[in-house]
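Given next are two forms of a protein chain, the same chain in both, each as structure tokens and marked structure 1 or structure 2.
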Structure 1
């Protein structure tokens, strides 16, 4: 039987007390984190939905009798625009050829014609937007605002609007929030993800295998390892400057597509410079490369030594051991680290701005040599505008970005679980 003296009992009480303190600290940290994340998500959702009051200077049924305006064909829209008169003395058919980048109506697409008609004839104006909470709890203020503007517009609508709608994915950027969307930025982000994974994942895994399993323990390799750890913490803007100097300027004949005499389509205007998707993809790939290398090395170190020794004991070569045992066993951890690195790349803005991402672009990227923009830059551009409705669009774009990140992480989890089941 063990007898505890007074000092032992005091030590046990002290340790228990410290344990309870740290338990409270850990629980409090988790609760605070969840609260802040909940506030962030609720704030985004609050701005994604809500009531808007929309005023039209002219009635669509008057300017397009017989059918809804959106049902008119391209030729019918041109005729409506050319025949338009008697509604606004300041708006004449002669102005139509100078509208929207001074292009003749016959050169415009059906969508462009509709946008010209919508903006310049109907002249819609969003009187005021309300958040989701305001729409639910401040209905009296909304009705008062509606009645205040009722006599100022022939058509005044009050409707509940979801800014996250199919039009957000169909439309490109526009100066009018009702016609603006993220299509170009969404495709640009997908191109960036594809290139980053394609370039960084094989290079990062290969470099980690060499450093962990082939490289000798000498001063050069230790120096390389230290630099990799340092590069993982370098600010992203530095990688942007590297991409500007190397990929945009030094390798411009390659990254611009000049060496292929690449011909752009879909009305894309190009000056054949290096500010293209491939330059941005290479820049982001280099940025996440140290993270992938470090994660892969840690995954390889987690492989049990008994598994490796057993493989060698059965006569397997070093490469056979790596290919058939080390990589399959550590693939789930490698995949998780790679997805986390790519998720960081998706949210980057600074290096892409330096490399040359466009802040306003209306044509979709058709190749790795196209000009581009991405969702974070689109969100930043919208939040910088003074109109409140563009902040609603930014909130809906943030939801899309979060869904894209969650999809990547979910894919990694599914692949990881399948790999673990096969391994077991």
Structure 2
């Protein structure tokens, strides 16, 4: 118990003063957490928008007057390519011929042709990018930089760019920042999350039902329960190692889709190794399983015993009681828990690096045996690059990722509110 000596009692003023000081420390700690969050968000937005200085060989507006270059039809693009080949040494008619021999120009997609024109004729080069804050407050530096490069490029542009733009969703990966997007990663994330939920949700709910409603209080069942709590605390990268050893390597004939090869026309879409969506989905399913189990257990525990009693009292069997009463009643909560698990899976990076999400692919995933990449991996790759413009891309991908997560969490909160209301 507290001992109040004389000093304490006499110095009530000092004591109160000390209390005030510490109160300020406590409250500022709480405030600082919020400040951190704000800075984090601001620093990302700061990198998502800003002025770029862009050097070009030709002006896209004069090349394709009246409409954006990318909107041109195939024939128009081929005509442009022919017109501009030979106009300077960078793109000779011989090069165009080589390209034509590789694959007939008229058989190529518009996007492909556009990219050839973009890379070989326009040759845009981002000289420097500025953050939003710099763009607003450091105009001088930007203009200085612009003037410095004025003579080195035929056309030099200074424009405000939102890195978060429709192109981000349309473009796949590319070595050129202006052509890079998250399309592949976005679809990869959707595929993977879908698979994760499909695998983890039934398994997790079943396990939770067993533990809450069937398990007798014995050694084995206690072991299972403790084990689940411990699994929930295992670092995610460890699950990646398990996935690498078991799904990618040991089960390669299955996870690579080879055992189904006869179903695919030419085996195009299957890879020869197990670094596929199914391996990633399995790995993440294992990772989120404990979260789903624990949340479902809590949801089941919240079902009032009167409801369960009235079902049994009518002569219902255990499963009838579970299926018709316990699960419907706890459904919202189970869903909330699952959504939280899904958010975890969507943001997870480390285990996917380990099981080998591909870092550079340009094809949308078409089956669970496709190679794939996901948003966090894409962010990781772009952030790890030294060029600043890829950081801008990373920031805009982060915005997409956070919006996705925010939507999910809002859904969870709304569900939670709905459940609370239902109970009143």
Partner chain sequence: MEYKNLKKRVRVNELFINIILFVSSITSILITLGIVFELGKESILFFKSGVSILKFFTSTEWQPAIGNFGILPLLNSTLITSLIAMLISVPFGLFAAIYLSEYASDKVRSIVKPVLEILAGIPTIVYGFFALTFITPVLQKVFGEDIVEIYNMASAGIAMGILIIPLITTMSEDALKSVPKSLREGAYGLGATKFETSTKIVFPAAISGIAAAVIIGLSRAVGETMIVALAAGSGPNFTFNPFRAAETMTGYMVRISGGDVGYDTFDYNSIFVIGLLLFIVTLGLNILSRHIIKKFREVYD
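So that the term is clear: the rigid core is the largest set of C-alpha atoms that superpose within 1.5 Å between two forms. What you see is a predicted model; the values in this text were computed from it and never measured. Numbering follows the first chain given and starts at 1.
Chemist: Tell me which of the two, 1 or 2, is the form predicted on its own.
Modeler: Only structure 1 matches the form predicted on its own.
Chemist: Is residue 324 one of the residues whose Cα moves 2 Å or more between structures 1 and 2, with the core superposed?
Modeler: Comparing the forms between structures 1 and 2, which are aligned on their rigid core, residue 324 does shift its C-alpha by 2 Å or more.
Chemist: Quick check: residue 38 between structures 1 and 2 - does its CA shift reach 2 Å or more after fitting the rigid core?
Modeler: No, shifts by less than 2 Å.
Chemist: Using the rigid core as the reference frame, would you say residue 170 shifts its C-alpha by 2 Å or more between structures 1 and 2?
Modeler: False for residue 170: its C-alpha shift is below 2 Å.
Chemist: After superposition on the rigid core, what is the displacement of the C-alpha atom of residue 315 between structures 1 and 2, in Å?
Modeler: C-alpha displacement of residue 315 between structures 1 and 2: 3.5 Å.
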